[in-house]
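Following this are structure 1 and structure 2, which are two forms of one protein chain, each written alone as structure tokens.
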Structure 1
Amino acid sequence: MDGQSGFRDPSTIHFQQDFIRRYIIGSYWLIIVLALPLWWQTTSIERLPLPTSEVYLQATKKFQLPLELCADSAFSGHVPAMQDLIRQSASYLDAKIILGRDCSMYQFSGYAVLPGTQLAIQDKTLYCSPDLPVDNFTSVLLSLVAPPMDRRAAQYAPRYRLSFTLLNEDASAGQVIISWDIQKAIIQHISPITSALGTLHNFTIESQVQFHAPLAFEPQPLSDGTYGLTPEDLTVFINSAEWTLSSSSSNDPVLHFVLFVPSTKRRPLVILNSDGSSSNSSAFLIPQWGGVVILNLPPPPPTMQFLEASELRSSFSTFSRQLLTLLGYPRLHPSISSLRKTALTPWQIDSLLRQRMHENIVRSHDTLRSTVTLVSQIEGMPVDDKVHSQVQGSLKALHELFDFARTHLTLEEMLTLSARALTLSSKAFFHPGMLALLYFPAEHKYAVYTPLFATAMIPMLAAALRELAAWRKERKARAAAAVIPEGDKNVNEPNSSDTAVSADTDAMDAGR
């Protein structure tokens, strides 16, 4: 039988003991088997199941913000046109127009349109002449209820940093502004806005003065001794390489406000229109980024100067207008006058709230959908419990918003919920853990693992198979020995000799 199998029967190698050899071979396999789960656990990616169907269902839902408007019965002719227009241009509003009731009582809780001599707004009441043509009336009302979002406005963020910078172009050229009364200017011009819009955003304000802020280009000298900035110059005005305009203390989006004091050598610095004539404006706005005001101080300059709040007044009122534009606060329709003489009317703030809320809901729907789509599309993308809970949290906020919007929630609470949904969904999407594994094609796997594992596995497999064969043969022999009676042992020569040999080794071992 030895001759047939081609290799030596392991049990005939007399200096080895079967059990030790088998135990050694077995322990190798045992380690491999035990290591398998460990290997599995360390190489598998944690992909918690996301509530995919729930997300898709939620993303198809359209949110309709309730809006109640009371119109005096004098406007009964305008109402159908009004309702149509709102439905067309602002599908996110569920506008209900109540007609004929005594709206002057109603104005405390909702919005009211009352007859008046001229177009005017006070808090949440619009006074309007009933003789105004329907088209004009509807466009005025639409500008209040659902004004179009300004393209220059920055994207919604729950937190903003406002950075105010006073730049001396060249303090060594003869005049330097050493400081400014920024606190007072902010209290006068900026705080009213930040507190009125405090429900929308949380603002952090920082300010600084810089003494050397060169431009990256040369302004053109003009024939009348002034220096001009062409429209192209304005697009490269911000020299971000050399001006540090905001601290890097947080990653909140920053709105920059720059008060630029030109060097005495280049004064006055004026903005040119596209036809080359000088514009009478000294400020410009960079969409989504911030605003710049150029401050040309009068010619006989004191060498050191402190800017009083009164001198900052026109610059900061420009900044406040720019801030409102950047925050998306709608402009009052030019034909409406405000009776309260304040810049911000509660009606418009409410409209902005609705708009931002709508924007947030759409964005969080998109982000949630993108998250689950990506996770299902890209197989190597991990989803840990943080992402999972953020997606859940975002969904929960949206559910709450959709379920209770009609009954329990105020506009501010709804905005808070929508902001939470947005924040959590984008946190989930941009979670640092959601980095997919690098692409590793199958042929690379074979190329890498075959040399590593094949060399180790082939001898182990061979040893195991050989041992198995020997063990089976042994068992057969033992079975045969048990069946055949003692006297007939001689007939079964080869097998019995095998047994004898192994018995010998065992005897030897036991004797040792």
Structure 2
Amino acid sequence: MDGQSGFRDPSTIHFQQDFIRRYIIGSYWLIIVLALPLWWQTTSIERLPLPTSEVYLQATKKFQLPLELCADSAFSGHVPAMQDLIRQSASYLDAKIILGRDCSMYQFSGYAVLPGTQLAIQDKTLYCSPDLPVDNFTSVLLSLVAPPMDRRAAQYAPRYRLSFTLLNEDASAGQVIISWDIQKAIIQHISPITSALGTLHNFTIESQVQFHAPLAFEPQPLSDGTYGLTPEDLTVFINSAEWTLSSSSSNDPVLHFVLFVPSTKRRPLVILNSDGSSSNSSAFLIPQWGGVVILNLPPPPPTMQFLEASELRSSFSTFSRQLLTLLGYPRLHPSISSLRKTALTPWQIDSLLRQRMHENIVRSHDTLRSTVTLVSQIEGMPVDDKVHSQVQGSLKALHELFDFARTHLTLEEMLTLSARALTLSSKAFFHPGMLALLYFPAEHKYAVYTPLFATAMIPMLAAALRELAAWRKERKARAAAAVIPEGDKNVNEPNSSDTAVSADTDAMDAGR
């Protein structure tokens, strides 16, 4: 206890002793050191190597699909122009034209061009007059083997959901459609398309009826008592905020087909041309999304109505044409007629197969290249076993596809491989573990955790440095106190010979 201040000396308190304080500070640092392996294990990311060189090598390959055509010798003057035009317009096709043989037996394994009185197709045979000008002939043939893809078509997907929705704008205004014979209408108009294109896509069909679907704008009233939709109104016609058009949850892309019944206050509702005149069509297509048909009912009564399949014939015929456009199905050349009354011909289906296959290969190459580029640019991006296997699986499918000459794959099998390559590459690129780091990079973590841990680590580091400096100072002081110079020893300690002489002198004095 200090007599002057009345407080105890801190050095005399047990827990304030130097070694106790240093043990406490050291224990904190010992815990931190022991926790480092656990922290490293829990925060480290799995980053498996991706086959970057193999991806870039695959992306440089150009896919060329063989196309065999058998032409009658009467078309010998058209062959060079045919080959040049196909090579220029469709670089993914390797056209081989066989001339001067009997093509009547060849039509079952390839495509044939035979003389005919009219321009027509039957199965895989094109009948054409040899006197047709070369330019007209080549344009007709190109429209069959490599037609341009409609920009309104949706991107390829192995699976599609077709959603058919009947929308009553305002059921409270009267004359509401409570139900419709959707099943029969789909069987008559949609099922033939889905069956014919089953080699390209798997379709799931759903339907619903809604009784309140208000528009997000006011249609323009016209002088004849009708209401008009301008081209600008059509771009915002779909009221996504208040219409629930998808009735199920799925990752498959959806193609919507809406049958819109206007309120009795806004009938008839017509579509206007750009010049303000009324259009003859009551339907419009939204590219890559779906189609809309406006159904203007006759004046009431009745107040409640059921739509029969016969009453839906016109609307679903329009829906079927819109579906073909959205799926990229090519139209026949206006001058070509089909000898078999089928909506889908083998020429058109095969050309769509080739186009979609080429599209899938290009998209797979781009996605794989983007994946490995992104991983190489972001060092901390995780790459787990699933991403690695998906990239490898996509490359494997592409290798099998490019090896079609040896394996003799059919068009359907090649499309399946291209779809698998596209699906796996897309899953790898959009993997949740990889996407998370794009939104929470390492800089974000440093900005969050630095203020939290710096406030705790700085005092601990300062205390450790202070105790280390004090310990070194004490150690030096003890070492200096323990070391006595030799000169001081000679001065302070008596010599043994001097002591003996002094003792002898004292003894002689005592004898005297």
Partner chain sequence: MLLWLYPLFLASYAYGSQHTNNWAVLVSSSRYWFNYRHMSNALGMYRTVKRLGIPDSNIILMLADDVACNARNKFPGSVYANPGRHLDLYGENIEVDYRGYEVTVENFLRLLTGRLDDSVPRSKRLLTDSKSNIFIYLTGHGGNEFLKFQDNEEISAHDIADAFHQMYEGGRYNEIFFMADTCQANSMFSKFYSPNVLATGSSVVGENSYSHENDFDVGVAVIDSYTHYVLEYMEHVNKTSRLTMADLFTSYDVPKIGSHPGVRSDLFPRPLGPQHPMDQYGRGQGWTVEGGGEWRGRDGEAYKRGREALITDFFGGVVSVDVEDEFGEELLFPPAPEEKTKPSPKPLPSARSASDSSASSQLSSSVDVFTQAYLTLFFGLLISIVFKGGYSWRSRSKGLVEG
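Rigid core here is just the name for the largest C-alpha set that superposes within 1.5 Å across the two forms. Residue 1 is the first residue of structure 1, and the numbers go on in sequence order from there. Please read these numbers as outputs of a predicted model, since none were measured by experiment.
J.: Choose between structure 1 and structure 2: indicate the form predicted alone.
T.: Between the two, the form predicted alone is shown as structure 2, not structure 1.
J.: Aligning on the core only, does the CA of residue 474 end up 2 angstroms or more away between structure 1 and structure 2?
T.: Yes, because once the rigid core is superposed, the C-alpha of residue 474 moves 2 Å or more between structure 1 and structure 2.
J.: Is it true that residue 60 shifts between structure 1 and structure 2 by 2 Å or more at the Cα, once the core is aligned?
T.: Where the cores coincide, residue 60 shows only a C-alpha shift between structure 1 and structure 2 that is less than 2 Å.
J.: Tell me whether residue 464 is among the residues that move between structure 1 and structure 2 (Cα shift of 2 angstroms or more, core superposed).
T.: Comparing forms between structure 1 and structure 2, the residue 464 CA shifts at least 2 Å.
J.: State the core-superposed CA shift for residue 35 between structure 1 and structure 2, in Å to one decimal.
T.: Reported C-alpha shift between structure 1 and structure 2: 6.2 Å at residue 35.
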